[in-house]
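Read the single chain below, which is given as structure tokens and is the form predicted alone.
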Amino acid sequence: MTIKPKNEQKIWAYTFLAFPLLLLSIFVFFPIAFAFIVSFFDWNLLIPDKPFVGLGNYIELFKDPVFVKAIKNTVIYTLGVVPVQTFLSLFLAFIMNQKLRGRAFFRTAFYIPAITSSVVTSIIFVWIYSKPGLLNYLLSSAGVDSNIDWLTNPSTVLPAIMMLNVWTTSGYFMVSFLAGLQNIPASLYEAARIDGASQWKQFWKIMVPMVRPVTYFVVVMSLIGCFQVFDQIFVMSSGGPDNASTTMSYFVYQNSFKYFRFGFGAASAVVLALLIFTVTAVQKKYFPPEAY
């Protein structure tokens, strides 16, 4: 019995797809489905009974002032980080695309924070933001009277972590913009220079419109990353003080692995996933790459 060429191709395709699909099913699809199911139960590791509560966890969730504050903090964090890091990444890519002396060194220097462990950078910035730390020292040297412990002050803890995130991710997205810039025909810049366009006009009139698809990618990835921020919160502030830096991801961790309320934590994880999906879908519909 002979196998037709098309059927043989299908057999090989499914053979090569089987193992990756198995891994995705075990480590992605099954945990998502299981978390969704658990969210309808009062699932607590300290209690053997796991009664079905239906939408009880979700109702309790939106009555919880800490969760409401976590949503607010996450939205503020996202609105503060995404625009700044997107523009900064684009600006750095524009500078690094010029013929400058030591360009390779600076490209590497800007990218190093992106590949450094977030836990390590967070620990370093804990010292920088402390009262005797580097930030207060620099501010005092500049004539600004500063004696703030940035991570224990409710009004400064979230902006401090936001600045760290911008610093660590701008170099990563700079590489994405740099790849997009190198696909822009040099003739466009030459024509602009002949017409007397300054570097600033070339930046706004040529570069920004030509990297719209990259901008869309960067914004989407930034939004998802900001909504899921956890490690910096965990290391630097543990959600404090007074939940001033508690984000939705940290709220999920806190209830699931600190209080062992897996049903309640799973419900908050489902809400977070739905929020990310909604924001991404809205952006795709109303702000597609060609609309920038």
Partner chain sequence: MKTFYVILLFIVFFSCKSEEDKLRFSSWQSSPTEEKIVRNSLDSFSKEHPEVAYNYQPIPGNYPEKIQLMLGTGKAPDLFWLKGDTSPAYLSFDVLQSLDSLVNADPEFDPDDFLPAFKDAFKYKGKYYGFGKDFNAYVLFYNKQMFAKAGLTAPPKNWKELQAYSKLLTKDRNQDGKPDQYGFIVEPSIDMLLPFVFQNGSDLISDDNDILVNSTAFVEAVEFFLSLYNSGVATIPSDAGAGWNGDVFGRKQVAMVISGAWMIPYLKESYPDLEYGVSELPEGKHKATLAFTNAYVIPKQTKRLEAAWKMLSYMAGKDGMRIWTSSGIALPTRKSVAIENGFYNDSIFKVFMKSAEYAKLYKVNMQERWFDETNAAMQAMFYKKANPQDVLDGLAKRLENYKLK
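Note that the structure is predicted; figures quoted are calculated from it, not measured. Positions refer to the first chain, counted from 1.
There is another form of the same protein, the form predicted in complex with the partner chain; it is not shown, and what comes next is about it.
Put simply, residue 59 is far from the partner chain in the predicted bound form: not one heavy atom of it is within 4.5 Å.
Residue contact with the partner chain in the predicted bound form: residue 154 places a heavy atom within 4.5 Å of it. The partner chain in the predicted bound form comes within 4.5 Å of no heavy atom belonging to residue 231.
Interface residue remark: residue 259 is counted as part of the site for the partner chain in the predicted bound form, having a heavy atom within 4.5 Å. Contact with the partner chain in the predicted bound form, defined as a heavy atom within 4.5 Å, holds for exactly one of 26, 33, 224, 47, namely 47. Stretch-level contact analysis of 125-133, 98-106, 82-90, 159-167 against the partner chain in the predicted bound form, using heavy atoms and a 4.5 Å limit, identifies 125-133. Along 67-93, a non-hydrogen atom within 4.5 Å of the partner chain in the predicted bound form is carried only by 69.
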